[in-house]
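Next up: just one chain, as structure tokens, the form predicted alone.
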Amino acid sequence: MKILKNASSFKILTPVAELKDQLLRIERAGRTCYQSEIKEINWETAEKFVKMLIKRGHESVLEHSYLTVQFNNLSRGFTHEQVRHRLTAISQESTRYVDYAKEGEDVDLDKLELKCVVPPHLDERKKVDLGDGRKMSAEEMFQEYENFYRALRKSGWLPEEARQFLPIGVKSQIVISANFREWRHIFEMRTSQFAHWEIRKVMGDLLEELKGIIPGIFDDLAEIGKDQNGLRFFGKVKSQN
């Protein structure tokens, strides 16, 4: 069993040049609505135009876009929340077909290892009272999950059967694709003060990176505070322009 702490990450799969070019496409599409064609569309005009669309609430034009992101070393809790965003394309690590005991073509149940994500602001080694005279830490509990999963597999249970007893904290991976308008909705929901600590941390980091790559689209979403554990949260701010 391996504990993952502060290991969640993301990788933007859409090439940067392609993301920037989509700003130009958005401006061309938007100017069709307003019949306001100009001689030359460039990144500077596109950024200004996009900010105008968002300020006016005309965000449907942002749907002429696409962004794909891979999220790594996060929990099934993260993915359970993320897949609730219906206007996305989703490809997720399967607990039916992924065999945690498989290395290459070989399956060795004695080498089976589960990876589990734990809260970075809590001590997974601290024991808690179970109320029946026993004390156990979160780390020990995860170890028991691994032991039980291994025992089920050795007794003949298939991965898709034994997975019924995997914890929500088990490590997962997911790829999400959506247009910029939907990503704005995701960021508003998942980086707010009320979002879960794991998804808020990863989405906040992604939001800040995207703001540097495609200016204008997410500029009105910014860090507005930190919670009691020092984790940032974001929200809409008034444009400075």
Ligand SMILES: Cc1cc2nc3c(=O)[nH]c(=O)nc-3n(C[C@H](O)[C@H](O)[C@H](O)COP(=O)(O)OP(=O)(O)OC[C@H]3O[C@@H](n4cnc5c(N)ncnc54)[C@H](O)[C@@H]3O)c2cc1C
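Numbering starts at 1 and follows the sequence shown. All values derive from a computational prediction rather than experimental measurement.
We do not show the form predicted together with this ligand, though everything after this point is about it.
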{"property": "Option touching this ligand, based on a heavy atom within 4.5 Å in the predicted complex, out of A195, I54, L67, L207", "result": "A195"}
{"property": "Option touching this ligand, based on a heavy atom within 4.5 Å in the predicted complex, out of L87, I168, A101, A151", "result": "L87"}
{"property": "Non-hydrogen atom contact I41 with this ligand in the predicted complex at 4.5 angstroms", "result": "no"}
{"property": "Proximity of K48 to this ligand in the predicted complex, heavy atoms at 4.5 Å", "result": "no"}
{"property": "Interface membership of H185, this ligand in the predicted complex, 4.5 Å heavy atom rule", "result": "yes"}
{"property": "In the predicted complex, M189 touching this ligand (heavy atom, 4.5 Å)", "result": "yes"}
{"property": "Candidate stretches 151-159, 79-87, 93-101, 115-123, one within 4.5 Å of this ligand in the predicted complex by heavy atom", "result": "79-87"}
